[in-house]
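Only one chain comes next, encoded as structure tokens, the form predicted alone.
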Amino acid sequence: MTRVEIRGLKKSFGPVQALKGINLEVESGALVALLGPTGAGKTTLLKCIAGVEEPDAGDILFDGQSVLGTPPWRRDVAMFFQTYALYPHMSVYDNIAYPLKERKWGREDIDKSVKAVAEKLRIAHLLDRKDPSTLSGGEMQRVALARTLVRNPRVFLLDEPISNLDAKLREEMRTEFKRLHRELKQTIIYATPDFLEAFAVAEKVAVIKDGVILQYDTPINLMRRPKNRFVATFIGSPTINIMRGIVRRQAHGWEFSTTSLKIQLGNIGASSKLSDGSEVELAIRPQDIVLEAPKNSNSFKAKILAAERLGYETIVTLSLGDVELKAVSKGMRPYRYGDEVTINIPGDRVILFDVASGEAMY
């Protein structure tokens, strides 16, 4: 197991700054996800850690020792890309054994390692398959992963490893990665643009955008306490509801208001950056809006605009005057266009953002 530290890492490609001073610490044996949209800098960061790309500034340390200047083959890092790149002229066994043969391992050690990793990935029955092109997508993915795991490197770098699989296989492989991490107890950095994938596999998640890590936190904190508007909107499905309005201090605490509704926020902690009468953005996740709720100070009449029945839940689009919101109700609900429902917006579940900077205000 290896502790990985990234300090002030910068990397440019011509005029494009891919990494803008990245700082990240991955504890020994941890599974951390890099979460961000295409072009955020995830792959560039992984390539710098692997030694495939040389950073312009900053440092990369393994167990406190800098690996800058150390060639890729001496860093003992395994990198798995979304393209499997299996050798078509080799059997499944030989594809997995290839990196060990390149390192001049003995025949018995190779055989033992190949069979052990094949058992872990449940592909032992495929080892004699001569033509990898006859494998299914999920089987190809497991063979390519076995080739990455077989030499037991210090650090695993996985770059969108299941993006090419269908939904059912992606779900299976998320579970598989968690199982493998428990068994291998290795340091793993896993890059993905899918927040569900990141939350399913990782203990901590680094949200990255435009070469900057915006927040490095646990999944629950990213959902409940996002540091800015981008983190809040990038994570969650359906997307978090955001409305603009004014906050004012009242006798009972803070109140948020638009032209069509007022939401009681209660007393907000001393760390709040709110000022009386300021314009803010209020965000609330669709799962936190309560449909057909008992009336209280934060209850409102809403009109149903649309209902998406997904089997395990129903996503409802609501109209409250000039405000349109989405809410989630468990199960299949018989809502129809034009129905009127009472909803509740819990004041303790909202997040407030500064309009100009997008930063969370408490």
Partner chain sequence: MANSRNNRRGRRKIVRTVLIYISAIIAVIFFIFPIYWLVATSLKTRAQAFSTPPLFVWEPTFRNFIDIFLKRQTEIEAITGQELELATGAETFFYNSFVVTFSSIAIATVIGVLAAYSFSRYKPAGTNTLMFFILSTRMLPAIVVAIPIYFFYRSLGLYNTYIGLILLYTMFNLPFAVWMMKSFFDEVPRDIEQAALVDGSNPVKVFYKIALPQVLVGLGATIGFLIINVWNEFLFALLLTERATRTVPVMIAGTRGEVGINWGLIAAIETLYILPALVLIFVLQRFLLRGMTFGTVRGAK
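For the two forms, the rigid core is made up of the largest set of C-alpha atoms that agree within 1.5 Å on superposition. Positions refer to the first chain, counted from 1. The structure displayed is predicted, hence computed values, not measured ones.
Another form exists, predicted together with the partner chain; not displayed. Remarks below refer to it.
Undergrad: Would you confirm whether the three residues Y93, W105 and I123 all fall within 4.5 Å of the partner chain in the predicted complex, going by non-hydrogen atoms?
TA: No: no residue has a heavy atom within 4.5 Å of the partner.
Undergrad: So in the predicted complex, does A57 come within 4.5 Å of the partner chain, heavy atom to heavy atom?
TA: Because no heavy atom of A57 falls inside 4.5 Å of the partner chain in the predicted complex, the answer is no.
Undergrad: Though only this chain appears here, would G277 touch the partner chain in the predicted complex if you measure heavy atom gaps against 4.5 Å?
TA: Output for G277 is no: heavy atoms all beyond 4.5 Å of the partner chain.
Undergrad: May I ask you to state whether R142 is within 4.5 Å of the partner chain in the predicted complex, using heavy atom distances?
TA: R142: no, not in contact with the partner chain in the predicted complex.
Undergrad: Give a yes/no on whether P99 approaches the partner chain to within 4.5 Å in the predicted complex, heavy atoms considered.
TA: Because a heavy atom of P99 falls inside 4.5 Å of the partner chain in the predicted complex, the answer is yes.
Undergrad: Within 4.5 Å, heavy atoms only, one stretch in 111 to 119, 259 to 267, 243 to 251, 155 to 163 touches the partner chain in the predicted complex. Which?
TA: Result for this chain: 155 to 163.
Undergrad: I need to confirm a contact call. Of L214, L86, L282, L291, which residue comes within 4.5 Å of the partner chain in the predicted complex, counting heavy atoms only?
TA: Checked against the cut-off, the match is L86.
Undergrad: For 332 to 362: residues with a non-hydrogen atom within 4.5 angstroms of the partner chain in the predicted complex?
TA: Read in sequence order, no residue approaches the partner chain (within 4.5 Å, in the predicted complex).
Undergrad: If I superpose the two forms on their rigid core, does the C-alpha of T175 end up displaced by 2 Å or more between the shown form and the other one?
TA: After core superposition, the displacement of the T175 C-alpha between the shown form and the other one stays below 2 Å, so no.
Undergrad: Indicate whether D131 shows a C-alpha shift of 2 Å or more between the shown form and the other one, with the rigid core used for the fit.
TA: It does, since the D131 C-alpha is displaced 2 Å or more between the shown form and the other one after the core fit.
Undergrad: Once everything's superposed on the core, is V143 shifted 2 Å or more at the Cα between the shown form and the other one?
TA: After core superposition, the displacement of the V143 C-alpha between the shown form and the other one reaches the 2 Å mark, so yes.
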